[in-house]
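There is one chain below, alone, in structure tokens, taken in the form predicted on its own.
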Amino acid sequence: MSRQRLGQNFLTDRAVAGRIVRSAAVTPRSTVLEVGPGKGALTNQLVASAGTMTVVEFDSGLALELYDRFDGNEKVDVVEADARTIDPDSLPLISGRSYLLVANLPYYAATPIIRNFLESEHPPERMIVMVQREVANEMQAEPGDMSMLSLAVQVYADVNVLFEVPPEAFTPKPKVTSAVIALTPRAEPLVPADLQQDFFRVAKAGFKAPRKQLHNSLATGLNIDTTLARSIIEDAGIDSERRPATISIQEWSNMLESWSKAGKPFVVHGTSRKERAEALRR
């Protein structure tokens, strides 16, 4: 895939790179994983500070440049791979170790990369990553401004926006401002592993029509009668006229419990009126 198709914006401001490294608290004892190093502005400072480095680059041309640059350096492992799907334990210098993930993430792939590592069996000790400012704020949002992205990240990690980075720090210059965030994975996710699939199904249904009242949005998302949706929400102790963005993670968990008690009604679009009626009776 060409660099132009990847839509990369390379960090060129060394002062910003240094601030990222300091925010990650990288030391000679650190095992560091960098994703999407690009031209290596951040990589150079990480290599100088870390004990061992694994660099994952998706672009084959850039990966080749990194292979050549660090050829013979035993503390640096360059891997050409897709960080959206890679298993951290497949990386020799990462497997079985506590590690830091530090990255200037490409805008188009930031969310799936973050989710891949947060949801893996071997998440990093801490993630210091740069993303688009609006994405950073959405990840950190509190009830009132929550979204599916807020839930998807906060179930697994504590989020803290550290500082903003202007377009002038990149080449080519993007049209948006970036932000560096710290993600600290929780010892245990806020939703147990065996409930996560259903939790996100209910939440996704609840955000189906985010500007509508919750009972209308949930009814649309699950394709069930509004009366049943209202009953599920109110059984969870929640005012069904609230908007989805106001619902906390704990309240979504309460709603999951209520939905489960109701028999997990979910009607596939295109089903008959009889099947819809049966869902309502469950």
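Don't overthink the numbering: it's just position in the shown sequence, from 1. Because the structure is a prediction, the values reported are computed rather than measured.
Below, we turn to the form predicted in complex with S-adenosylmethionine, even though it does not appear here.
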Distance check, residue 174 to S-adenosylmethionine in the predicted complex, heavy atom within 4.5 Å: no
Partner contact for residue 24 in the predicted complex: S-adenosylmethionine, 4.5 angstroms, heavy atom: no
Residue 65: touches S-adenosylmethionine in the predicted complex, heavy atom cutoff 4.5 angstroms: no
Close approach of residue 244 to S-adenosylmethionine in the predicted complex, 4.5 Å, heavy atom: no
Option from 49-57, 250-258, 229-237, 213-221 whose residues, in the predicted complex, bring a heavy atom within 4.5 Å of S-adenosylmethionine: 49-57
Answer option from 148, 195, 161, 81, heavy atom within 4.5 Å of S-adenosylmethionine in the predicted complex: 81
Within 4.5 Å of S-adenosylmethionine in the predicted complex: residues from 22-50 (heavy atom criterion): 34, 35, 36, 37, 38, 41, 42
